[in-house]
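Coming up is one lone chain in structure tokens, specifically the form predicted on its own.
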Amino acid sequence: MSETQNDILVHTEAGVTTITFNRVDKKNSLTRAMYAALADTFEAAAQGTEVRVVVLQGDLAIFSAGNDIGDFLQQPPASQDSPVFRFLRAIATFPKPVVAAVCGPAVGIGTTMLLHCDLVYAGDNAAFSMPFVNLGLCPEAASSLLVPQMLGYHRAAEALLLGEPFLAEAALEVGLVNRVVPPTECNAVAQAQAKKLAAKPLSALVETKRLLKKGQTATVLERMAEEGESFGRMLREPAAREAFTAFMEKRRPDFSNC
């Protein structure tokens, strides 16, 4: 089964649903409609036994540049029921394995969504960044909780406070990715691992993932909600307005009064 949903390609075969970000001309930046399609796909895949594994992938040169700024400013997330938050809750609570293949830049939510994947394979051209502070905002996707757990506090502070990119080998060192491969091999490696998982008993996969995450899911959802409240408030404040105005005007932001 294959279908196209708002620049999201969805293909299901032999128990594996592959979601491809298909907006390369816009650096796979994510719109409200794309978040809705992602949420719908994960929610549907969580049901029944047809889908056993979900794979996320982008292009060989770009995974995702994060939010589409123009779309984001026109339709900012107004509540916890907004498509972006629906998607984050859906991937965070998804009961089956999620595998990601990441090549090129993974910016903002392009990186934080990986915190909710079970296996992540990176091309050696991958670059991860979480530049929320640079936009006058705070972390999302429970990254303020999960990044310190994974990287340790000081590395997490460097990644989240400075917002500078770190490369595939650094991501491998801290455990964000499982393996680094040439970009031309990345999707194939992720698909091969997904097929291995899909051949295993679904009940055992689901129970093992539940036990691995036991005691953490409620905390993750609570942190997501807290971050979401702060994110929405900060979006209306001067620092974010200056950051986004500067971005649209292609100039350096001036935070001297923020």
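Given the structure is predicted, the values throughout are model-derived calculations rather than measurements. All residue numbers refer to positions in the sequence shown, first residue = 1.
One more form of this protein, predicted in complex with a small molecule, exists but is not displayed; see below.
Determine which one of 63-71, 214-222, 43-51, 188-196 lies within 4.5 Å of the small molecule in the predicted complex, judging by heavy atom distances; exactly one does.
Looking at the other structure, the answer is 63-71.
Given that the small molecule is not shown alongside this chain, does Y121 nevertheless sit within 4.5 Å of it in the predicted complex, heavy atom to heavy atom?
Outside the cut-off, so no.
is_contact(F128, the small molecule) in the predicted complex, heavy atom dist at most 4.5 Å:
No, no contact at 4.5 Å.
Please determine whether F132 contacts the small molecule in the predicted complex, using a 4.5 Å cut-off between heavy atoms.
F132: yes, in contact with the small molecule in the predicted complex.
Does the small molecule come within 4.5 Å of any heavy atom of A142 in the predicted complex?
Result no; A142 lies far from the small molecule in the predicted complex.
Let me know the one among A100, V107, A159, M113 whose heavy atoms come within 4.5 Å of the small molecule in the predicted complex, would you?
It is V107 that has a heavy atom within 4.5 Å of the partner.
Could you work out which of R233, K209, K26, K200 is the residue within 4.5 angstroms of the small molecule in the predicted complex, going by heavy atoms?
Spelling it out, the residue with a heavy atom inside the cut-off is K26.
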